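Quick setup: one chain, the form predicted on its own, written in structure tokens, and binding and motion questions come after.
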Amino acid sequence: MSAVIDLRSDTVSKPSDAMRQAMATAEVGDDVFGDDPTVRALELRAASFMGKEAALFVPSGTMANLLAVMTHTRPGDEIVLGDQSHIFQYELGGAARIANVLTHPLKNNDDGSMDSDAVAAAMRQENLHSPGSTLLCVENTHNRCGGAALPLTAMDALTSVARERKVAVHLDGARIFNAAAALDVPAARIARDCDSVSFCLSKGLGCPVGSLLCGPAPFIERARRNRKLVGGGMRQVGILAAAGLYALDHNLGRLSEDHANARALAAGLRKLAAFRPNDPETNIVVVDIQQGRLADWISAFEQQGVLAVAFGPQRMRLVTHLNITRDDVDRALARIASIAGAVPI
């Protein structure tokens, strides 16, 4: 078998030699003391990209979202979010278990948005009987909605509802640069009316680890205390921050290549009767299985050196990234086509 084509996630991408060199030569200090110059440089750059005053470097997107919830709310508050959101689906209930807030999930539309009237109706004023809704969480791009890039009109409608009710907005922008590329707008425009925004370095940007939480300076200082509380204080972490600086300098302009590769992958899969893929806006292809069992297909793919992940009872996900070329896509499709008649239906 020739090289494995790993489409499980963009998190499997590996740092380039140039990124490794930047890491190896990074100037470092102790980040808990606030004297790691490379971390400080990354935080300033991240805040600028998002149009915010300050930023905080953290190990993961899950931690960034948790810190946002903890910092925006008090124990017992209610947060409103999508029922398909990463915070609700994939973060082990940290909002409830650690931040001690009540989650109020609403239906996500196919494009990852939520109905603004439903959001307005869900937001509650604190009174003798009810917790107050103090935070709205939005996700863009939206992972479980096929990497959808929420239109600016949808973002603006949701943030307007929150503003009218004096509710803060956190944007889970794990792949916000993919959204920016798809919508052809700066990331700061997407995050403009959000009180905080997080984004990942370890997904489409190809870094080995790390995320940023951005917002007003007083908010970030409170988040820094909460980071320490949950064990996220780090020391000579400029080695990792250097990868983030490299990615922001070199890996943003190429994201449209991942999107084109995802469209090519979906188009090839659409020719096979067993699969019904989405029309990807970004780098995520979600495929509904029309024939056969999902587990059999995942196994058959793996035997052919193509890795995908289950994404529901009869659904799989494939994600393009900087280590996947158009030739890789073509090879993956050829391998899949070769087994299309071999999996029991």
Ligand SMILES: Cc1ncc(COP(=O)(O)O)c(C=O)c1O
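All residue numbers refer to positions in the sequence shown, first residue = 1. Note that the coordinates shown come from a computational prediction; the quantities given were computed from them, not determined experimentally.
Although not depicted, the form predicted together with the named molecule is the subject of the following passage.
- Among 222, 86, 165, 104, the residue placing a heavy atom within 4.5 Å of the named molecule in the model of the complex is 86.
- Checking 115, 257, 91, 78 for any heavy atom within 4.5 Å of the named molecule in the model of the complex turns up a single hit: 91.
- Residues placing heavy atoms within 4.5 Å of the named molecule in the model of the complex fall in a single listed stretch, namely 137-145, out of 179-187, 153-161, 137-145, 269-277.
- Using a 4.5 angstroms threshold between heavy atoms, residue 191 stays clear of the named molecule in the model of the complex.
- Looking at residue 200, you'd find a heavy atom of it within 4.5 angstroms of the named molecule in the model of the complex.
- Remark: residue 320 does not count among the residues lining the named molecule in the model of the complex, judged by a heavy atom distance of 4.5 Å or less.
- Taking non-hydrogen atoms only, residue 174 approaches the named molecule to within 4.5 angstroms in the model of the complex.
- Residues 60, 61, 62, 65, 86 are the ones in 52-86 with at least one heavy atom within 4.5 Å of the named molecule in the model of the complex, listed in sequence order.
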